[in-house]
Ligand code: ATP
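Just one chain follows, in the form predicted alone, and it is written as C-alpha cells.
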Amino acid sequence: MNNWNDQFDLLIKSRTPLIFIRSGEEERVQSLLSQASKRLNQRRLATWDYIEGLQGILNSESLGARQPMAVLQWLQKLDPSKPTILLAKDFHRFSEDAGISRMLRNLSSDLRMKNHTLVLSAGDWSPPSDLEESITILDLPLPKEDELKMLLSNIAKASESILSEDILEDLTHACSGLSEIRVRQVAARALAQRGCLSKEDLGEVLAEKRQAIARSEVLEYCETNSTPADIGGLDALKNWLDQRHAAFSDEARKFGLPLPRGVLLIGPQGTGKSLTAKTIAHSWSMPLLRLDVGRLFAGLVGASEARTRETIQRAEAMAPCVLWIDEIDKGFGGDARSDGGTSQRVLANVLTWMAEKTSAVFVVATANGVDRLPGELLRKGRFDEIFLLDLPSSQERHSILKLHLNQRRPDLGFPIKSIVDRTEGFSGAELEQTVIEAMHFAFAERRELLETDLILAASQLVPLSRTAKEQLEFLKKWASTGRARPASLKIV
C-alpha cells in the first residue's frame, strides 16, 4: 500500500486537480484520504454526498445537500490559503449533466492555481470522453497481506482475542482477495458466534471468497477433486506441470526462476483439456477460478475494459491461484470490426497483464482449434508453453478405458485389448461414453458388464475423428511445425 500512498501523495503535491479513485470500498478510500491529509502538510479533508451535503468543514456543514453544483462552486471559491481535499461520493452519477461536466472542466484548470483537489470514487465508472483529459485515474487495489494482517490483529486486540502468529498468518493468507469490509464482516460473524477469532474462521473466509467471486459476474469459483490419476496418458504434460509447480516455491525465487505464467492447451473436444485445468488446481492446492470470456463483453462503452481490470485485480488478489480461461478461441477469435474493437482492447489488456504480471496467478487457457486464435496470443512470452492434446494413442486408450472401468466396475478381470483396437481415433471423452453405454446394455438385462457390451458400444459410436477429420489434420500439421509440444510422451 505504501506504493499507492506514494502515488496519491505525488498527485496531490503536483497539484493534480481532479482524481478518480477506482474502488468500490468507500470507507477504505475515506480512511486512506484521511491519513494522506495528515501526511501532506495538514491538508483539510472534506467529504460530500447527495444526502448529507458537505462534512468536515466548520461553518459549511450540510452545504450542497441535494445540490451537486453548489459544492463545486464552493470548492471553486475556496480560499487558496487553506489547501483542501474534497472527496465527493457518488459524484460520477452527475457527470452526464452538461452543467456539471462544464464545471468539472473549469475546475481542472482553476484548482491547479489554488492547491485544492477534487477526488471522485466509484467501483465501476468510465469517465465520459469530454472529461478524459481532465481526470487522473488511480486504481486502488484490494488490501495487501500486510494490511490484512494489521486489520485482523487490530480486530483481535479490540475484541480481546488471543491470536497466535501461526493462526494470524493462516487467516491473513485466507483473507487475500477480500475487501476490507468483507474481512470485517467475517470477523464480526466469528465474534458473534464464538467470541473470538480462531482457525475455525477459515471456513467462513472460504465461503466469503466464493461469494466475492460470484458477485464479480465474470469469475466462477470451481470446486475440484481431480488428480493426475484421473487423467489417462498425457505424461509429457504431467511431467512439465510437476516442474512448473516446483517453480512457485521460495527456493525457486532464490535460484533466480521467475513465477510461471501459464499454459495454453490446444486439442479437439474430449481430450482432457478442462480436466487438466481442474487437476492442476487440486494437485497444487490452489483455488480454481474459471473466467467466462463472454461475460467480459458488457453492453456499455468502456464497461468491458472495466470488467477486465476488475477481473485481473480479483485474480491477483486471490494469488496463488489457477485462472482457467475456457475455450479462449471462442472469446477472442471473432472479427474485431463487428464489436467496434472491444474484443481487441480487452485482449490487449489481458495479454499485457500476462506478459508483465508478477503475481502467482497461473493461467490455463484451453482452445479447440487454432485457426481462430489471434497471432498475439500464440506469441512466445504470453504462455510458458503451448501443448497439443492429440487423440490418445493405443497405450493411452488402454489406460483411459482401464481408468473408467476401475472407477465404475472394479474387480472385472476380462482383457480389454480387443476394445482398445476397436477404438482407434476415439477421444478420452468418447472412451468414457463407450464404457457408460456398455454399462447401460448390461444393466438393462440385469447382469454384469461383459467385453461384448464394450465392443457393441464402440461400434455404435461415431467419433469426432471421423466427423471433423479435416479440422484435426490441420491441427496436427500446425503443431508439427514446432509451434506446440505434444502432451503425450509417445504418439502412436
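Each residue number is its position in the shown sequence, starting from 1. As the structure is a computational prediction, the values presented were derived from the model and not from experiment.
Quick note: we don't show the form predicted in complex with ligand ATP, though the next part is all about it.
A residue is said to contact a partner when one of its heavy atoms sits within 4.5 Å of a partner heavy atom; residue 365 fails this definition for ligand ATP in the predicted complex, lying far away. Ligand ATP in the predicted complex is not approached by residue 121, whose heavy atoms all lie more than 4.5 angstroms from it. The closest heavy atom approach of residue 404 to ligand ATP in the predicted complex falls within 4.5 Å. The closest non-hydrogen atom of residue 273 lies within 4.5 Å of ligand ATP in the predicted complex.
Site annotation in the predicted complex: the residue of 49, 453, 26, 432 reaching within 4.5 Å of ligand ATP with a heavy atom is 432.
Of the residues 75, 400, 318, 328, just one reaches ligand ATP in the predicted complex with a heavy atom at 4.5 Å or closer; this is 400. In short, of 82-90, 167-175, 265-273, 185-193 it is 265-273 that has heavy atoms within 4.5 Å of ligand ATP in the predicted complex. Heavy atoms closer than or equal to 4.5 Å to ligand ATP in the predicted complex belong, across 228-244, to the residues 230, 231, 232, 234, ordered by sequence position.
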